[in-house]
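Before any questions on how it binds or moves, here is one chain, the form predicted alone, in structure tokens.
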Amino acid sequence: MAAATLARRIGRSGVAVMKFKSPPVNSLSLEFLTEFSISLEKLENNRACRGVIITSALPKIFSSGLDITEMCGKSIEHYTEFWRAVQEMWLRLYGSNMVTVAAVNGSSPAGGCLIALSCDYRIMAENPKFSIGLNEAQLGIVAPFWFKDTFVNVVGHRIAERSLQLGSLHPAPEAHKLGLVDELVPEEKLMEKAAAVMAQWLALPDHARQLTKTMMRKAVLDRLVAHREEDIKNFISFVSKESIQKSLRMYMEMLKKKKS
């Protein structure tokens, strides 16, 4: 099924639930990212919607992150379109006026972790087999400055520095200890807890919360907006290198062998 996201009807509480459904692992393809951004925009423009809970319709995986196939053996034009879509997704989610709660019901490496980091609150299933982190360094990729900024704002500079350099994937208990996720709950209680947290946030007047969120996040958002074209050029220059293409091809081969 190619559908990237499914936005449930908004309930009386003004809360939408968005479920990722792009088998097998909710990879962030160009199609997925585009549909995600459109879904967010629709919810943002709907006055009845005050908050969104983001989770996965697939077991054991929240999102595996950026789709490697979008970055391997493609044209400059494709890389440009893809990276612009990644930027757009983050700008919309990180800057959203809605309350955003990530209900992380499976592993969430790289771009999947970025989505969770961009939300206002993160609840993760209490399962040590599930991990989360920005593990780009393991693939020979450097996390862009705005990934880094988002991470630092959640866990602090030292933890982010160490985790990014090592490309660490943190098991759920460790992620909670580091402050990467706000709460751990049993898997079957995840959505119930997400709804309770959402109700707590929505009990506040929207305008005060929204202005505070803007104040806290504006500098980071503005930095990408000001350097957006430069960031795209840096991505293209980096991903086009033969050494990086080779590394990505090797990683794809490794994934194929795992499947077989």
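We number the residues from 1 along the sequence you see. Just so it is clear, the model here is predicted, and its values are computed rather than measured.
The next section is about a form of this same protein that is not shown, the form predicted in complex with a further copy of the same chain.
When contacts are judged by a 4.5 Å heavy atom cut-off, Asn46 does not count as touching a further copy of the same chain in the predicted complex. Using a 4.5 angstroms threshold between heavy atoms, Leu166 counts as touching a further copy of the same chain in the predicted complex. Remark: Lys148 counts among the residues lining a further copy of the same chain in the predicted complex, judged by a heavy atom distance of 4.5 Å or less. At a distance threshold of 4.5 angstroms between non-hydrogen atoms, Leu184 is out of contact with a further copy of the same chain in the predicted complex. This chain is displayed alone, yet in the predicted complex one of Arg50, Arg228, Lys213, Lys193 has a heavy atom within 4.5 Å of a further copy of the same chain; that residue is Lys213.
Screening Arg162, His78, Lys129, Lys189 for any heavy atom within 4.5 Å of a further copy of the same chain in the predicted complex leaves a single hit, Arg162. For a further copy of the same chain in the predicted complex, the listed stretch (139 to 147, 84 to 92, 67 to 75, 102 to 110) containing residues with heavy atoms inside 4.5 Å is 139 to 147. In sequence order, Asp120, Tyr121, Arg122 are the residues of 106 to 135 having a heavy atom within 4.5 Å of a further copy of the same chain in the predicted complex; the partner itself is omitted from this view.
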